[in-house]
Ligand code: PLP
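Just one chain follows, in the form predicted on its own, and it is written as structure tokens.
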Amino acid sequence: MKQYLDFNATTPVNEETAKLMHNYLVNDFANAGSRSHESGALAKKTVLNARKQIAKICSIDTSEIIFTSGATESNNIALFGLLEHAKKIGKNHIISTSIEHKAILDPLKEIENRGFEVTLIDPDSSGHVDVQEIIKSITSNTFLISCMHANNETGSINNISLIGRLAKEIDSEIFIHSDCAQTFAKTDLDFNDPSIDMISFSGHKFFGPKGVGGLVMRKRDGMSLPLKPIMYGGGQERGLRPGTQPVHLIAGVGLAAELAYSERQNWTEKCLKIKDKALKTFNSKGTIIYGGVGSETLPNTLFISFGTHAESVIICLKNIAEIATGSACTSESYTPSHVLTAMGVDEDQAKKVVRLSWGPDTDPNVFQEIKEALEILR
């Protein structure tokens, strides 16, 4: 039976979450902004409950989280939302990394076009970003550091807590943002660290629905962050994300986050066992793993080269496993991964790398099937 090995692109919605969402689509379908009747009040209460579920994970107040369409929108609000404040305080410098998702890199290009200075830190050969390289790049004009928690291709995990603490020792006014799409709710890493001002996440990465996510915005000394909206109209989500609240999606992402967080240790242990099986199966000459395999990488990810062109591998395995060449957002492009390029991997080798990402219930025997199929291909 063909297996899905592209969990970093999206995960299936768990049954309990799907059932809850169905109820808010068919039965309790009222608008959370309707104040004149009981059904509207129930919808509003549902949204508040989801906010509480997310807030608990990050040890924040419900006023410190807004719901968005996902991490891409959250990233845009975090980046563009601070520009006016930066101008007011006379700063124009942002630090980020060259291995960020396009949902960070593309907005940063536009921000550069608006006259701001952006410094991108390259990773080491394992795909990790050196904390000290980020800290050394801080100037008197730096107002924001944005560093992803875990890379969606290599699985390499960055120490965002240390970045936040060290940066604020230099300048307590610097804002720290992290795209946590690959780690939020599934892992027990950094989400309640007060040095991280903003966290972006997407529901469909932790067995919740697509089309919904959020932005955590920790207050400073009881004051909300000086974010300005990038859209206007309606005033929902503290005015930062206007538009009718999709109650069924918000209810879904709240429950999915709660369930995923309660199962995070089990998820890690099961995924690590599967990873161990994969590593033992693929331990042969000509196989190269990018991003490392230790505790500083995601337990469910392998960015791996079998010595054969990635597209050939995907075609060869089409009846065995569904895999990817990297980020789903750039999968239509056959150009080498920008992450591998940043790691110093040459173009020819980069075109041979594929990503395997799985869930806790994945059958590890699929790796032996993959190995046998690739031996025939060779």
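Note that the structure is a prediction, hence the values are computed from the model and not measured. A residue's number is simply how far along the shown sequence it sits, counting from 1.
Another form exists, predicted in complex with ligand PLP; not displayed. Remarks below refer to it.
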Can you tell me which of 283-291, 168-176, 97-105, 224-232 lies within 4.5 Å of ligand PLP in the model of the complex, counting heavy atoms only?
97-105
Name the single residue among 305, 245, 72, 195 that comes within 4.5 Å of ligand PLP in the model of the complex, judging by heavy atoms.
72
Name the residue from 78, 181, 163, 157 that puts a heavy atom within 4.5 Å of ligand PLP in the model of the complex.
181
Honest question, do 215, 218 and 236 all end up within 4.5 Å of ligand PLP in the model of the complex by heavy atom distance?
no
State yes or no: in the model of the complex, is some non-hydrogen atom of residue 148 no more than 4.5 angstroms from a non-hydrogen atom of ligand PLP?
yes
Is residue 152 close enough to ligand PLP in the model of the complex to count, meaning some heavy atom within 4.5 Å?
yes
Do residue 186 and ligand PLP share at least one heavy atom pair within 4.5 Å in the model of the complex?
no
Quick check on residue 241: any heavy atom within 4.5 Å of ligand PLP in the model of the complex?
no
Residue by residue through 203-230, tell me which have a non-hydrogen atom within 4.5 angstroms of ligand PLP in the model of the complex.
204, 205
